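Presented as structure tokens, the chain that follows is alone, the form predicted alone.
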Amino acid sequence: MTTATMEHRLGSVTALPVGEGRAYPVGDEMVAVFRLRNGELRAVSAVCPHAGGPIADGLIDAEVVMCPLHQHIFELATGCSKTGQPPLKVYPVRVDNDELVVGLPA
């Protein structure tokens, strides 16, 4: 069984510098979108499940993001914690006509 998704346009991909993340309000959710140095995009929950830290402000590499509050580490591809915390939600993200597009469950 697959879950239907609704796509949301977030704005120009050029507003998201390579190697950084930004938090976007999407419906009732906050989504952190990261533009990795290799050009790939990742989108996860923008709020750390541990203490509400701003995930988009965390340090990233090609595989993980580190919450800036308490240094909990999450895999960007799966949302799984490497430090024993509940996982982040993971969302599909892509570029369409220079715009970031993220999918959330409908």
Partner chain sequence: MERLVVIGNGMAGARTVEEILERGGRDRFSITMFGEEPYGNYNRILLSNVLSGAEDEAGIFLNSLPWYAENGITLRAGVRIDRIDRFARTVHADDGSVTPYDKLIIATGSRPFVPPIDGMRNPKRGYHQGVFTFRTIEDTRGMIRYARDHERVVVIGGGLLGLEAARGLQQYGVAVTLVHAAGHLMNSQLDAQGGAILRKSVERLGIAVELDARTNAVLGKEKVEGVRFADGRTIPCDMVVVAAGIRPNTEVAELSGLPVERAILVDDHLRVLDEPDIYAVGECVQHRGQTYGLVAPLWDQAKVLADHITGRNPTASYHGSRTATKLKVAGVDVAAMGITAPEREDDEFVVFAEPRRGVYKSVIIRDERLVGATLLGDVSKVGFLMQAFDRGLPLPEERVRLLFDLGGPATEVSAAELDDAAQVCNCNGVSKGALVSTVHGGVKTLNGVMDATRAGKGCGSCRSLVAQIVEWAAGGEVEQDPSAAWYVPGIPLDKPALMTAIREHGLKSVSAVFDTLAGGKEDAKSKMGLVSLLRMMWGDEYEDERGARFINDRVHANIQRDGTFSVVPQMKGGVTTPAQLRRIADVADKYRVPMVKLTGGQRIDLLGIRKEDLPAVWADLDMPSGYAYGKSMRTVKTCVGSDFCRFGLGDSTALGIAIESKFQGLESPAKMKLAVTGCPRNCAEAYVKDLGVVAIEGGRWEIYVGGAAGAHIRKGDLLATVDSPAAVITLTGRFLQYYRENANWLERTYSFVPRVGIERLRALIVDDTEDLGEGLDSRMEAAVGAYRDPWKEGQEPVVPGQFRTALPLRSLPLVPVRAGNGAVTGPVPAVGSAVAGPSNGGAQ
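Positions refer to the first chain, counted from 1. Quick caveat, the model's predicted, so the values are computed rather than measured.
In what follows, reference is made to the form predicted in complex with the partner chain, a form of this protein that is not presented.
Proximity to the partner chain in the predicted bound form holds for all of E20, R37 and H70, with the criterion being a heavy atom within 4.5 Å. Contact between Y91 and the partner chain in the predicted bound form is not found at the 4.5 Å heavy atom cutoff.
The partner chain is not shown here, and in the predicted bound form it never comes within 4.5 Å of any heavy atom of L41. Although the partner is absent here, A77 lies well away from the partner chain in the predicted bound form, with no heavy atom inside 4.5 Å.
Contact check for V95: every heavy atom lies farther than 4.5 Å from the partner chain in the predicted bound form. Contacts of stretch 9 to 48 with the partner chain in the predicted bound form, defined by any heavy atom lying within 4.5 Å, are made by T14, A15, P17, G19, E20, R22, A23, Y24, P25, G27, D28, E29, M30, R37, A46, V47, listed in sequence order.
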